[in-house]
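As structure tokens, one chain now follows by itself in the form predicted alone.
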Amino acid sequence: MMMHQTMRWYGPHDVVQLADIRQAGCAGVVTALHQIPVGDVWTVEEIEKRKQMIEAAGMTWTVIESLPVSDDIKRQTGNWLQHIENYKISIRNVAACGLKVITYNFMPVLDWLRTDVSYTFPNGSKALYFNRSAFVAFDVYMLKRPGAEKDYSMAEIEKARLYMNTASEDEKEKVFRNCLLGLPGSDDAFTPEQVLAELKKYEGIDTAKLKQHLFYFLEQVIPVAEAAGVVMAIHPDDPPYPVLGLPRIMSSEQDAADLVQAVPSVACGFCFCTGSFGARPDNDLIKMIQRFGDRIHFLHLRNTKMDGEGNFFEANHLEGDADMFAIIKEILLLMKRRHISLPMRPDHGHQMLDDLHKKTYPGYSAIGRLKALAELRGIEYALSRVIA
């Protein structure tokens, strides 16, 4: 049994067309209704409109990425109770339209975070990159978050100061702009004032309290998902540790274990991202697949390369710190045991070839993801023959 191979599509305005994704060999598309404000209901009409568009292109849509959880729900402030009720309605609506997996995350304020979205390799291709010193410089000296210095060691502060003294104004402007990028699927960036205002709203919410809020949310929506026949898949934090003084609660194996213990239903599971979990050396990806295999509902296969300074970049899918051969083998064994074909997509491909001349969502140009999918498909095919 092979994985259900998909790619992410950001909708009608995505420079990557549905035909491109089908030509890459994908049977399905992973997408979301980005035009609907966070907290509002996804109507059957809008879901069906998107679904028919994908099916007309010869593919299927069964995985949502993502049905976003509002910051009101994460903080339990403002309209959070109404937003939970709206979320329940959206779950029922997507289930009525035949969708099966709802991806979401519980990261406060910001989604993924990088200091460079066009890190250039010697061969000219480009990738996403996280530079720890540049990020500390952004937090302490550019954003000027109150109390930021307390979150870093003296050595990190010194490296950040050195970065500010040696980096060009263009480099600092690029880091500033990249760190304030909006959520994936949006061309909008946050202003410093907006970020500081949003960060202030999380005062008093630590790791334990944010986990309580996540578990409360799931206690409300998982029974609805179970009754509707869909599953929920939480995406891990990216990067997998606290940023900007905000708690992160889905970064480690222990975080995943806490979720499983708090919400026993198998409808409450994971979007297992080998790039996000893999950007922490203390996460054993093979062990986590074995431990949480029954709760894995969706797969992001990507690879990162770390160093001892806290920096990492998006590596070629077969060349980073994660052993992709062993990971795919473990996934095939898992699917054989569960008698299921798990949906998978390559993630954060390099910008290369003709795509270097196009404006695409960072990490989501077509050719780099096609290359990644081809490599992953090759390993899967070979391993499936051996396992069979």
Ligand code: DNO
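Start at 1 with the first residue shown and count on from there. Because the structure is a prediction, the values reported are computed rather than measured.
What comes next is about the form predicted in complex with the named molecule, which does not appear here.
Although the partner is absent from the chain shown here, none of 90, 101 and 216 has a heavy atom within 4.5 Å of the named molecule in the model of the complex. When contacts are judged by a 4.5 Å heavy atom cut-off, residue 350 does not count as touching the named molecule in the model of the complex. Taking non-hydrogen atoms only, residue 112 approaches the named molecule to within 4.5 angstroms in the model of the complex. In the model of the complex, at least one heavy atom of residue 107 sits within 4.5 Å of a heavy atom of the named molecule. In the model of the complex, the named molecule stays beyond 4.5 Å of every heavy atom belonging to residue 280. For the options 66, 70, 62, 360, the one in contact with the named molecule in the model of the complex, meaning a heavy atom within 4.5 Å, is 66. A heavy atom within 4.5 Å of the named molecule in the model of the complex is found for one listed residue only; from 132, 83, 235, 75, this is 235. This chain is displayed without the named molecule, yet in the model of the complex the stretch 341 to 349 from 341 to 349, 36 to 44, 51 to 59, 317 to 325 comes within 4.5 Å of it by heavy atoms. Residue 8 is the sole member of 2 to 27 found to place a heavy atom within 4.5 Å of the named molecule in the model of the complex.
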